[in-house]
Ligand code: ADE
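We begin with a single chain expressed as structure tokens, specifically the form predicted on its own.
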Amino acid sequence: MNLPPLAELHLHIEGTLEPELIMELAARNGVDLPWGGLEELREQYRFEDLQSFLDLYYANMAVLQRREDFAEMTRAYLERARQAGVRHAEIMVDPQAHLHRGVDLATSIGGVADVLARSEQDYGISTVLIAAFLRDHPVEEAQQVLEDLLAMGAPIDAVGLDSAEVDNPPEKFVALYDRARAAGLRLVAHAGEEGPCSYVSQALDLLRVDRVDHGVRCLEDDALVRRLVAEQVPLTVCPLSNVRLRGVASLEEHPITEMLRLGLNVSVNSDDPAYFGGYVDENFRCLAEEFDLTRADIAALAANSFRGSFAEPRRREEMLALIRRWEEGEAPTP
């Protein structure tokens, strides 16, 4: 599918671990996984809800042991993202999940950052690194990890909030976000995926986020929708993820085109593409087929991805100009 330049704003690097790489790293690092082989592992990719996905997601992380493992995973994503037309990527990593396995910050953050430091030269993709914190763990743990990241001078640009959303409201993490803001970091948070639309309001009012990850349940509150439109808060929507985790019954029922029609600042993202059946280009292809998206629709979604990004202003304007050329029928220079 011919696409304009894209920014991917909602991507968990651990969620790009393809089954083949999982099995390769398991063999290399002597990790015993609970499934006997590649086909048995593939059979696990049937999810009832967010938690059933997270159980598999965290189990597969066991194969990430060395700094080079994290680097190899990151290189594989960037190569696939380049093929998808991604020109800017904001990549989340879950340091707590690795610390719980005995993998230190220098290994997990360092392995990803090693590759991102050369992402534009090697792949033509500018990048931002986001340290995402686990909302179903004690906030004190997240605060300590943030302090450790700051003390070591970790090359993170932003913080996020992910994992099991239900019964873990943003209000628990106000102090964490205040500290991150004081340190000059940008702020994002998952809200309104499985949790109620009130979590979107909390993320805006209490955490004072720059961007909301998911946010699809905002449509349940007309006043919230009007606010999001007026303030043009970026919403990083992940259509195939929403369907695979049964937050939305089917792609046909996904609200993204309604969100776009209402004037919400929505972008298309892949979330955990190795688990949800599609990288960002495949998300666009499925949406285009389901909703008969016009060239203008695709251009609007692509432009929103850059407007909602933390890319350098010059980079953002360069990409927006290329998107305008694409919408007019020209082929942007790679």
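A residue's number is simply how far along the shown sequence it sits, counting from 1. The structure displayed is predicted, hence computed values, not measured ones.
Below, we turn to the form predicted together with the ligand, even though it does not appear here.
Here the marked residues 88, 311 and 322 all miss the ligand in the predicted complex; none has a heavy atom within 4.5 angstroms.
Note on contacts: among 63, 41, 50, 299, the single residue with a heavy atom within 4.5 Å of the ligand in the predicted complex is 50. Comment: the ligand is not present in this chain, but in the predicted complex one of 96, 126, 163, 74 has a heavy atom within 4.5 Å of it, namely 163. Stretch 51-59 is the answer when you ask which of 287-295, 64-72, 32-40, 51-59 has residues with heavy atoms within 4.5 Å of the ligand in the predicted complex. Although the partner is absent here, residue 281 is not a contact residue: none of its heavy atoms lies within 4.5 angstroms of the ligand in the predicted complex.
In the predicted complex, at least one heavy atom of residue 190 sits within 4.5 Å of a heavy atom of the ligand. Proximity of residue 211 to the ligand in the predicted complex falls outside the 4.5 Å heavy atom cutoff.
Along 141-157, a non-hydrogen atom within 4.5 Å of the ligand in the predicted complex is carried by no residue at all.
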